[in-house]
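In structure tokens, one chain follows: the form predicted alone.
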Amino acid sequence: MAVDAAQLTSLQPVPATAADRRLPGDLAVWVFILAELLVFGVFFLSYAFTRAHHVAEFNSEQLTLNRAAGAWNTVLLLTASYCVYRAVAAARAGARSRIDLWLLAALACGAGFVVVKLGEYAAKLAAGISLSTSTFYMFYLSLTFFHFMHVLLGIVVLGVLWLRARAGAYGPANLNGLESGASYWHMVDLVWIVLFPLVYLLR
């Protein structure tokens, strides 16, 4: 059976356009994200350098951390990132009714992270641990609290996105704000994926 040229053309893969290859969200947000990643990178390198000169101390005090809490927080952040991804996918597909539901799920996971982390901090404070306790705890508290503040900012961003999604602000033709917020949240998740094994697990 003959197949006309139009049918053959429709079966060919469509090359990516410039719009398909663009960064999701605002360029300014990506500049901010890269700057934040640079700051975290300096923190991580400082931690690794100092640890190399105090291996026994770091190994000993690392065992006092709550690894189960850290693992739960990893699951919560990964789940939140998945929910944010699904929210963006729903917006691209025009499924407006699902965008706010996925964002609400991401917010719940972010709130769960905050609760677990505050529990960790409360336990350390109750044990008399502070920034001046040791070099390891100076890094632990500084690194995790710096990341914790980024999570709080991410929750605020997700909250604004959720409110705007409920108002019908996002769809296939209006993704910029949603993609910008999603990109920031994925950065927060990425940093934790490095921070958790580096501080909690690396021996």
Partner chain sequence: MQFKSQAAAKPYFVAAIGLFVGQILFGLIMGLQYVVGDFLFPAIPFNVARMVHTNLLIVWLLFGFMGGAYYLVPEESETELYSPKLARAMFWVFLVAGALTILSYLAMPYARLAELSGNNIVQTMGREFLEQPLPTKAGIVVVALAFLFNITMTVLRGRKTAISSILLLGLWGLAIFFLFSFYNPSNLVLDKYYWWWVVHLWVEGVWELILGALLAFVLIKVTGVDREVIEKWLYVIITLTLITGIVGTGHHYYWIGTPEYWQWWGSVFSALEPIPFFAMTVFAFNMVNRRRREHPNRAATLWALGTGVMSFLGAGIWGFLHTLAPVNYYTHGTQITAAHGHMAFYGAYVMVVLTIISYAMPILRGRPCNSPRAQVVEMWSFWLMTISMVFITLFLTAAGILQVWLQRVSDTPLPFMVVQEKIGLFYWMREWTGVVFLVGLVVYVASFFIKGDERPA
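Residue numbers count along the first chain shown, from 1. Bear in mind the structure is a predicted one, so any value in this text is a computation, not a measurement.
Here the subject shifts to the form predicted in complex with the partner chain, a form of this protein not shown in this document.
Asker: Heavy atom within 4.5 Å of the partner chain in the model of the complex: which of 138, 153, 169, 160?
Answerer: Contact with the partner chain in the model of the complex is made by 138 alone.
Asker: Contact with the partner chain in the model of the complex for residue 57, defined as at least one heavy atom pair within 4.5 Å: yes or no?
Answerer: Although the partner chain is absent here, residue 57 would stay clear of it in the model of the complex, with no heavy atoms inside 4.5 Å.
Asker: Hey, in the model of the complex, is residue 125 touching the partner chain, heavy atoms inside 4.5 Å?
Answerer: Looking in the model of the complex, residue contacts with the partner chain do not include residue 125, since no heavy atom lies within 4.5 Å.
Asker: May I ask you to state whether residue 118 is within 4.5 Å of the partner chain in the model of the complex, using heavy atom distances?
Answerer: No, residue 118 is distant from the partner.
Asker: In the model of the complex, is there a heavy atom of the partner chain that lies within 4.5 Å of any heavy atom of residue 173, even though the partner is absent here?
Answerer: Looking in the model of the complex, residue contacts with the partner chain do not include residue 173, since no heavy atom lies within 4.5 Å.
Asker: Using a 4.5 Å cut-off on heavy atoms, which residues of 122 to 161 contact the partner chain in the model of the complex?
Answerer: Stretch hits, in order: 131, 132, 138, 139, 142, 146.
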